[in-house]
Structure formats: structure tokens, C-alpha cells
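Take a look at this single chain, the form predicted on its own, given in C-alpha cells.
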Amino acid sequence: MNEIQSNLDILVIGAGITGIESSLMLSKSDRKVHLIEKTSYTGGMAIKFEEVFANMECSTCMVAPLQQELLQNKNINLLTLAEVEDVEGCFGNFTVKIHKKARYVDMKNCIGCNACFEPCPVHLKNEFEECLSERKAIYTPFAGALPNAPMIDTKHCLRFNGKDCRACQEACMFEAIDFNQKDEHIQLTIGAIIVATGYTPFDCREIPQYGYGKINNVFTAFEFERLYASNGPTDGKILLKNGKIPKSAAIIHCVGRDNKGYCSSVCCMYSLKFNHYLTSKIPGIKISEFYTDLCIPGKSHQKFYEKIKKMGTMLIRASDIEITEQGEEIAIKYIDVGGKKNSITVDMVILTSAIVPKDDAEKLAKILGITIDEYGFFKEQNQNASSVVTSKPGVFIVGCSQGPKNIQESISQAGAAVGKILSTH
């Protein structure tokens, strides 16, 4: 009887920082890695940050070298605009079907000059920039995106909707625009799978008393991140919707915690980080932070918290928060820890929302043959034994696909999953 040959290639799903780290670690052990990413770029959510706690390191400086190493690594096959359609087989011999959407831009010919953007007549909200700026139907989501090549949004492109428009193609002197590209259906044989699909922020519209989407200058955490970012829609200037600089701001912790039923563990730290953002750009700004509980784990995090307290921020333990408009200002009504009703007015409110699973997590779980937990995250087989091993042998979960965690914890999980694979396969 012939033995089935075990395949040593690995599939990594998700090219955020955890997926990139997993891929690079595996490649250094001379493994062939197929890294698939749903979007047109790598870096995940971390690439939206300007700085990361607790040492306020430059996020791009941390992620960009990893992205460059990834793109130049001969052992890693990066497939952007790609999703898993089907998985069959077992540990050592999985057959995976992947749907890779056409970019309609030849990445070998494109030099990333962006000359194709301006002549495009279509104007759309840029989702990467939290809809704070516009993009065209042919676009890269942000300056510095890697791979540095645009894609065509066929849902809104005039040519793909019956119009004879060639504006982008005519503007490209390198003949990189290829309307004849087709979607690909790729089949791979691999030995193991690492799921690093990340997370999405809680939709603040689900809590109407916070006024998000109805009151000007109530921002989500990711909107605020992009306001502060040097490559963001305001070139790093923290501005109100009317273009003025705020003189006061309130940061609301734990948005969505009660709705989802768990603490996201990182919200307090990035709420405190926003103090640094505000004071570094707007000296003298008055800041109030509203919290229900503070989650400040670890030595470096406690030190960061103590530093923020010395900056004069007013930390308010509160409940029953309600946000309303009051002329050009925003009124925040709340009940303090003593049970007394209070209120303050500010120019800007920042809602720091919970980390929640990706919308398609349940669909992917069914394709992979793994389970999700009561909150919608991918479920580990035994949380007391290992947080990366699933009920399906050969399928491992890392980072925020398994539950809320910070970047350091996510990378540690990547190392754990890689170690499991290399030691058993």
C-alpha cells in the first residue's frame, strides 16, 4: 500500500501584520508559503495607525520593512484580491480552491506613478480613509500602499458599466491598464493552514445615544487615527468637520462592550494613546476620558498610563452616557461614580470601539471546517492547552481572528502556530 506524500507548503489567510509575520517565519524554514489577502494591499489594520502604544513607535516604520521583505521573498507567493472558496482533505494534504479577482492593472508594467487617477471621472468615498476623503474608480487606498499598484473598482468604473471610457488607460504611458484581465480560480495543494484574518471595529451606529453618524465631530477611533496620520486625509492635522482646530475633546471608552459582552482589552490603551495624539498636535487642548473600567495590563502599559495621568487629562468613571448637540458644541451627559448627574461640553468626541469578528468569519469557518465561539471569533480546541489549535487538525488561528489582542500578543501567537507546524509537519 502506497503512503500519501505529505505536502510541506503552507497557506496563510490574511496579510495583516500577523499573517505577514507567520509567512516570514515559515519562509525562513525554507517552506513555500501561499499568502492570500482579500484587499489590494498588505498590512491589515495596523497600517492605518500612525503610532502604536506603549512606546509610541512609528507604525509604518515597523510594518513597511516587513512588507518589503514579504514582496521580495521567493518562498512567499502573495495573492491579493483573493479569497478561499473551498477546502478539502486533511492535515498534510489539503486541497484549497481560491478565487482571485482581476486587478485590471499589470503589476509588472505599473510603476505606481498614479497618473491614471486624475483623468478618472468617478468620485467615491475612500473606505480605507474611513470615508473622510475621496478616491477614484481606479485607485490605491492610501499613499504608501504595498504592493504599489492601483486596482479598478468594477462596481463603479464607467467602462465596466456599459460606458466607453478609457481615461485611465489613455493616461498610462506604460500600458499597465489591462481591461481584458480575468478573475482566476486557483487550486493549491498544501499541508497546513494559518488563519490570520484579523478583526473589524464595532459599528458605533448601534448605540444611537452616542450620536455617531448624526452629530458632526463625533468620530470613531479609526477616523481619528486617520486624522492624525501624516499620510491621511488631512495630512496629519486634527481638524473638526468645519476645518477648525478643536479646543477640547472627550474620549469615550468601552463603546460596544456591553453590546458584545466582552472586554476588547486594547481599547483603554489606545484611548490613552489618543491623549498623546491630541496634546502633541494641539498644545493646551482640554481632554476628558470617560470609562467604565480601566484595563491596563503589563509593566510597560502601567508606565504609559501613569505618564498620561500627569498630562492633566480628566479621567471620569461614568455610566449612562448620552451625547447631544448643543449649538456648535457637543454636550456629554453622564452619571458619575457617586450616582450624580453631570455634563460637560466639548468640540470633539472620539468613540473607542470594541474589536469584533470579521463579517465573513462564520462563512470562512464553514469552509475550513472549524468552529466559532459565542462571540463570533474562530474557536480554539482547548483554550487551556493552546489558543492557536482548532478542532480541525492542520488549521491554526492567530491574532485577532481568535479574539481581541494587541500587536505583540498577535505576533506571539503567529510564532506559536509556526512552531506547531514545524514541529509536527
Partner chain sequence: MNRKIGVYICECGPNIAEKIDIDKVIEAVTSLNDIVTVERYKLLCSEAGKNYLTEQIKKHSLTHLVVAACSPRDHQLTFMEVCENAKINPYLFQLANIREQCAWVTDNKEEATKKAIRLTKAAIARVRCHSPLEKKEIESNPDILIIGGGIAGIEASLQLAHSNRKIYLVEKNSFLGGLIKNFEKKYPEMQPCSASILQKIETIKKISNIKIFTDSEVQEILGFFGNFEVKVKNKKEKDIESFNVGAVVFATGSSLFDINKNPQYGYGKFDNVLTSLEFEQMNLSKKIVLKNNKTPKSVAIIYCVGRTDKGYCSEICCMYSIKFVRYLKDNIPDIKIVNFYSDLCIPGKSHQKFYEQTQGENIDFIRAENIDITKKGEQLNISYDDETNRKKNCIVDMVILSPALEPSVDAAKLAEFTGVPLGDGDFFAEEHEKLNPVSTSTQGVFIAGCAQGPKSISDTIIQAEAVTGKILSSLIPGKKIEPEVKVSQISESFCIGCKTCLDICSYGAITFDEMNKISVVNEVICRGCGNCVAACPSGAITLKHFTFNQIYEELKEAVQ
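Residue numbers count along the first chain shown, from 1. Everything numeric here is computed off the predicted structure, so don't read it as measured data.
One more form of this protein exists, namely the form predicted in complex with its partner chain; it is left out here, but the text below deals with it.
Looking at I407, you'd find a heavy atom of it within 4.5 angstroms of its partner chain in the model of the complex. Y262 belongs to the set of residues with a heavy atom inside 4.5 Å of its partner chain in the model of the complex. Its partner chain is not drawn, but in the model of the complex it has a heavy atom within 4.5 Å of F174. For the chain shown alone, G338 is a contact residue for its partner chain in the model of the complex, at least one non-hydrogen atom being within 4.5 angstroms. Site residues N55, M62 and S386 are all in contact with its partner chain in the model of the complex, judged by any heavy atom within 4.5 Å. Segments offered: 204-212, 186-194, 346-354, 297-305. Contacting its partner chain in the model of the complex at heavy atom distances within 4.5 Å is 297-305. When you look in the model of the complex, the only residue of P141, G112, P119, G236 with a non-hydrogen atom within 4.5 Å of its partner chain is G112.
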